[in-house]
Structure formats: C-alpha cells, structure tokens
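What follows is a single chain, given as structure tokens, in the form predicted on its own.
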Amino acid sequence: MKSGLSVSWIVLACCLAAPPAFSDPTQLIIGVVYVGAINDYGYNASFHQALTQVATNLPGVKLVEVENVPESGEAERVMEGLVQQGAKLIFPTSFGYQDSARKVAKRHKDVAFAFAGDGDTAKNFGVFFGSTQAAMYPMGVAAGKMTKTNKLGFVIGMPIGYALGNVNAFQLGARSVNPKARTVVVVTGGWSDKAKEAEAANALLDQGCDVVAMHVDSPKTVIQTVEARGGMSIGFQSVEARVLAPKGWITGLGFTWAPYFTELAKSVITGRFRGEAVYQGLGKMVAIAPFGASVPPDVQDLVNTVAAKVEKGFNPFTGPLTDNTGNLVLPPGAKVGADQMGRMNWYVDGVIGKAR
C-alpha cells in the first residue's frame, strides 16, 4: 500500500452458504475504497457505519477498508489489490473512482462492483446512490422557517448535477414557506479541502447568511465554523454530525445504506448479484437527523409533514420552473427524476451563484 493509506480489517465468523465462484465458502470478503477518512462525520463515515452494520447483519463477512485513496490511477491499483486479497464485492465510494472501477471490473468478471454514482451498468457492475435532492426540500423548509435574515448559505465541493440538485431543492423548500428566502452558493473546488470550506463558510456568514448547508465529503469544518460564529447549520451525509453543533444545529440529512448493502452482500453470497441502477430517497437510503434544541415544535412538525410528502412521491422538480437567469428550464408538468440528477446544470430562481 502507498504510504499514508490506512487499512481497517473487520473479521467475523460465517456459516452462510456461497456459490462455487467463492474459493472459501465460509466467508465473503468485501473491499471498500474511501476518498477520505472513515471518522469524518460525513460521507466516508456513512459508508463505514453501514458496512460495519452489514457485518453484524451477516456474521461471516470480512471487511477490508482502504482510506484516503486519491481519485487517480492509485484507485485502480488499490482495487486490483483488493481483488487479489479475495474480495468478491467491492464498493468504490467516490464519484472520481468510476473509470478505475470499471477497468478493474472488466478484468474480473467474477467480482461484483457497487459504485456510488451513476452511469451504465454491467452484469458485475451496479450503480446506486441516495436520492438526497428531493429530500433536501424539507431541509429548505426548515431553513426558511428558522432564518432571520432571509439569506441562506450553501457550500458545495464541485458543481456536479447532484450538488446543484441539492441546492435547488433546498431553495425551493425555503421559498415554499418564506418567499423572501434566497440561497447563496460558494463552490470550494474540491470535496475535502478544510481550509477552503472554512473560508467559504466565513464568506457566507460575512454576507449575512444565518443558516448554512453543505455538500462536501465531511460537514465538520463548515458546521464548526458556523457554530463558532453563532450561526445555524443544516447537516449532510451523516446524522452523527449533529454533535458538532450543540447550539446552532437545526437538522440534516444522513445516508442509511445498511439495508441495501446487506441485500447486496446476500446477493453475492447466493450468486444472485446482477448489476443494476438503484436510487432511493427518504425512508430507504436517506433519513432526517434529529432536530436541534432551538427548533420550535411547530417547525419540527412542518418539516416532518413535508418529509412525509416527499417520501410518498412528491417531486419538487416539477415544472414550471425557471432558472436564476430567467430562462424556463422545466415547462409545466415536466419533471426531473432521481436518475436524471447527474445531468442537472442550472440553478432555480432564488439561488445566487453560477451553475457552470
């Protein structure tokens, strides 16, 4: 392994049957590649926690995790190494791992890959992700009710479609309860740059934003920066992030991958794995975090009511919608579904920032 990479091993006994493709029918080795650290209170932590739960759900799983792997040729080398260690299910957890993962998958048809992102599927290559975009709508409702300045902030790492979708739903939710609400976006240019994340959070606070949300790998820096200056935050990636803001925490979204990952592992064990695209939202892969102590009961009730509406199928990306330059981007009745979010390249009216 490259110097500086951290490897965690979780080994448990197993008595589950496996198909002939497994060299050892008494265990399933799952390999995981992370772009950051598993204790980041965010994206990487959400995967680690879920896969640890898989090991609990399916006694006998051997979990091999490699942290801090850059989105470069190094990722391909690490995944090849996991295959050589006997991994039969590999999770490339970062969008930037896609090309490397596909190369390794083509070389090893007997290994299942579950890529956190989008794109084409293959017999041994599936794609999945939590549909956070619609789920971000009730987060906007919470922000729109809690703000006193009507200026909301949103820090994103890169202006990819999924991040833009999160911002758009957030603004749409805020505007639904507070027509004066506006969302200011700052892009850091990377998913894990603590210095730029702190700078972005401070810039938003300096502009008068009193509620700040984010889409970066770890929400820790943004939340703690906002907390230190007396602002309020909406968390993302892991519900555990709430411990970072004892005063300013409103609520947040967290991934709940464990049930889906457990079924994936079972499908590999029994030889039923088939690559498919799976996108699930609230009630499946995404959950709302507990509310902060400062959030009034009526606001909590409203957010929960709206969240239930989203869970039942409400799609905030339903036309007519105009972008923040005045162009009609969704005509009446047109919709953008979860499988189309990766291609979103516009901000809705009320968002202050450039989509591209």
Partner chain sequence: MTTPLILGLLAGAILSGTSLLYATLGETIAERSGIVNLGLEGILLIGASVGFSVTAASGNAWLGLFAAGMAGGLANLLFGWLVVTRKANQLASGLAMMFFGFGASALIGARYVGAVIVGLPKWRPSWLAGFRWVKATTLFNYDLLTWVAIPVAVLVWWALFRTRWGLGVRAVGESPAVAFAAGRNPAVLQYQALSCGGVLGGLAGAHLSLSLTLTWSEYMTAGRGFIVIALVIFSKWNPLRAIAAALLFGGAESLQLQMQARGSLISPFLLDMSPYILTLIILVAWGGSRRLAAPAGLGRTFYGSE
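Everything numeric in this text was worked out from a predicted model, so none of it was measured. Positions refer to the first chain, counted from 1.
Below: the form predicted together with the partner chain, not depicted.
Relative to the partner chain in the predicted complex, residues Ala287, Val295 and Thr305 are all farther than 4.5 Å at every heavy atom. None of 134-142, 259-267, 215-223, 165-173 except one has non-hydrogen atoms within 4.5 angstroms of the partner chain in the predicted complex; the exception is 215-223.
For the candidate set Ala203, Val177, Ala277, Ala122, a heavy atom within 4.5 Å of the partner chain in the predicted complex is found for exactly one residue, namely Ala203.
Only one of Met232, Ala112, Leu253, Val185 lies close to the partner chain in the predicted complex, with a heavy atom inside 4.5 Å, and it is Val185. At the 4.5 Å threshold, heavy atoms of Gln207 reach the partner chain in the predicted complex. In the predicted complex, Asn68 approaches the partner chain with a heavy atom inside 4.5 Å. Using a 4.5 angstroms threshold between heavy atoms, Val239 stays clear of the partner chain in the predicted complex. For the chain shown alone, Ala105 is not a contact residue for the partner chain in the predicted complex, no non-hydrogen atom being within 4.5 angstroms. Of the residues in 35-57, those that come within 4.5 Å of the partner chain in the predicted complex through at least one heavy atom are, in sequence order, Ala37, Asn39, Tyr41.
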